[in-house]
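This document opens with one chain alone, in structure tokens, the form predicted on its own.
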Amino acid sequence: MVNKKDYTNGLPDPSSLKDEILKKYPRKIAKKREKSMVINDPDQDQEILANVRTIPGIITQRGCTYAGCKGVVLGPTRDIINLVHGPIGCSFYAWLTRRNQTRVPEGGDNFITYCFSTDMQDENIVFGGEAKLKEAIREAYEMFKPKSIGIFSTCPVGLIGDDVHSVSREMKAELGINIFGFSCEGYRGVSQSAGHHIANNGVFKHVIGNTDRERTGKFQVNLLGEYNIGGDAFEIEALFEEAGITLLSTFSGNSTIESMEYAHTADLNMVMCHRSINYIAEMMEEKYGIPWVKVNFIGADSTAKSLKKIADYFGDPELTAKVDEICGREMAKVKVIADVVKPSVEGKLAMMFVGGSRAHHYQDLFAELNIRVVSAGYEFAHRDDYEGRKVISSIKIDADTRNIEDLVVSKDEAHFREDLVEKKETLKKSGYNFSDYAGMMPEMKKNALVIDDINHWETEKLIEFYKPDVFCAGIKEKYVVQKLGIPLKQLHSYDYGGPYAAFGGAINFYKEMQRMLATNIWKLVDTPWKHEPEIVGSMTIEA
């Protein structure tokens, strides 16, 4: 067992932990899992196995393709009816689980609070559900008069062959509104990541570029991969507004389909969650010439850097001065709280296994409090999320990835921004970084244990080895971890807390960590199985 006093000279070598975990698996499984567990060395190029199927029978944190498409990307958009074609359970599962918030102007539509489903029954599975889908679309239109309806396929729909795309085209012609479908059956990909990709393709094909809009400000931007969990987007929007930056559209926190339709008129795309939204960023650059940059508004230091990066892009002295003023003022506020909180939490140990870029971004927040991250990983990442985009060309396209349509994107002569292409080339010569993401591993400490698609067995062994002070994950892991006497902070839905983005969010997070870590209550947690014999199974026969 490693003693925490050893951590003062760096993180301990977890080789023995890794070996112990792998010994429990049959030989073939151990060989596969070994590639998904990397003892980090930021000075070396290391490869991790990611975006592969979870081993059957192993309990992990992943969600399904449908959850990634409907629940993550389209779920936070308020003026579209997201109609789930399938049994009611699928729709109910994806209803309000992520605490996506929105602000509706007077007279505006907000359908987020509703749960729309065709509620397929046994007879629909046997005889087909397209007629019921058409009926549901008509009913939704008659009741709510939406501008747009999205149709989301669940597993039974793919198995019986209902064609949501032909139904969407037929009903679009009948009702005169934008209706489009997603083939996002839960089994279509290895995780919710496939659903993100499918959603990106659908939004790009059916929404972006539908309407034009005259310039409404000197600096027009889109924010991609920010989902307004607990009000995060509100914090970021306030900073943009004060700086004089016009946020045209967010994909997709506090968002509207209407704003996505004219998102192609922006001057810059900013990518927060690289995994869930980089597809749209790439396609918009190819079709419209809009460059994209990676940003991070989690953490005070990261927020300041991102704001300054935006100001550097536009190169306007007035904007630069305003951003410097905002950052100076807000960082002073943050420092006051950090100086109070830090003495009670610094030196604590954290682990985080979260989707999207959160397992990476939140390490910046912990670093501001001198809390050390000993182990981290993603639920649904690809290798480039860990190692950086430099490895994309070496990633093999497997059969699961081929289930997703590969869009052919061509230049839009009427809307392509040659001026932005020239601007990008000029800034690149001065060292400005475009279309890049360094990944999580290069920014983690030496000997930190990086694990993709962690499972329950591995989680228990990591907690036993490191004895972390806080574990960051989702609702499925929350109560199991807390029964081990370790507080768990949900970074999917924030445990009804937040916001944690930008400067105000950093202050909220500092205070939350103080409440969770500067207490002895978790050491008082005791469970009966600690004092009772444990029945442990073993593998004796291998296929």
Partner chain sequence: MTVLTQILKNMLEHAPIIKSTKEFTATRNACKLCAPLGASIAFKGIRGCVPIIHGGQGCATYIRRYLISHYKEPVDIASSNFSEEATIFGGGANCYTALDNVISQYKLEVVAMATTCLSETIGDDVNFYMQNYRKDTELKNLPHFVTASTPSYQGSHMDGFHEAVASTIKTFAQAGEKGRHINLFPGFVSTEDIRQLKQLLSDFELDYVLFPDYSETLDNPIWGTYKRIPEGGTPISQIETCGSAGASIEFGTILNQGSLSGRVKSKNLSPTGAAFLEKEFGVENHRMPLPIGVKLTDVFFNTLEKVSGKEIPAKYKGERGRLIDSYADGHKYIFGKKAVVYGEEDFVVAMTTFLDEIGIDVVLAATGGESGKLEEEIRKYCPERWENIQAKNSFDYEKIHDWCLSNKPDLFIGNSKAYYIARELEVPIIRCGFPIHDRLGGQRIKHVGYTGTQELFDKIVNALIEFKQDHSPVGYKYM
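Residue numbers count along the first chain shown, from 1. Given the structure is predicted, the values throughout are model-derived calculations rather than measurements.
There is also a form predicted together with the partner chain; it is not shown, and the following applies to it.
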Inset, instruction - Flag this candidate site as yes only if 29, 118 and 127 all have a heavy atom within 4.5 Å of the partner chain in the model of the complex; otherwise mark no. - result: yes
Inset, instruction - Select, from the options 342-350, 286-294, 260-268, 137-145, the stretch whose residues sit within 4.5 angstroms of the partner chain in the model of the complex by heavy atom distance. - result: 137-145
Inset, instruction - Name the residue from 336, 159, 238, 392 that puts a heavy atom within 4.5 Å of the partner chain in the model of the complex. - result: 159
Legend entry - Listed residue (507, 49, 484, 39) with a non-hydrogen atom within 4.5 angstroms of the partner chain in the model of the complex: 484
Inset, instruction - Decide whether residue 465 counts as a contact residue for the partner chain in the model of the complex under a heavy atom distance cut-off of 4.5 Å. - result: no
Legend entry - Any non-hydrogen atom of residue 24 within 4.5 angstroms of the partner chain in the model of the complex: yes
Inset, instruction - Answer for residue 324 alone: is it within 4.5 Å of the partner chain in the model of the complex, judged on heavy atom distances? - result: no
Inset, instruction - Evaluate residue 87 for contact with the partner chain in the model of the complex, applying a 4.5 angstroms cut-off between non-hydrogen atoms, and reply yes or no. - result: yes
Legend entry - Residues in 488-518 close to the partner chain in the model of the complex, defined by a heavy atom within 4.5 Å, in order: none
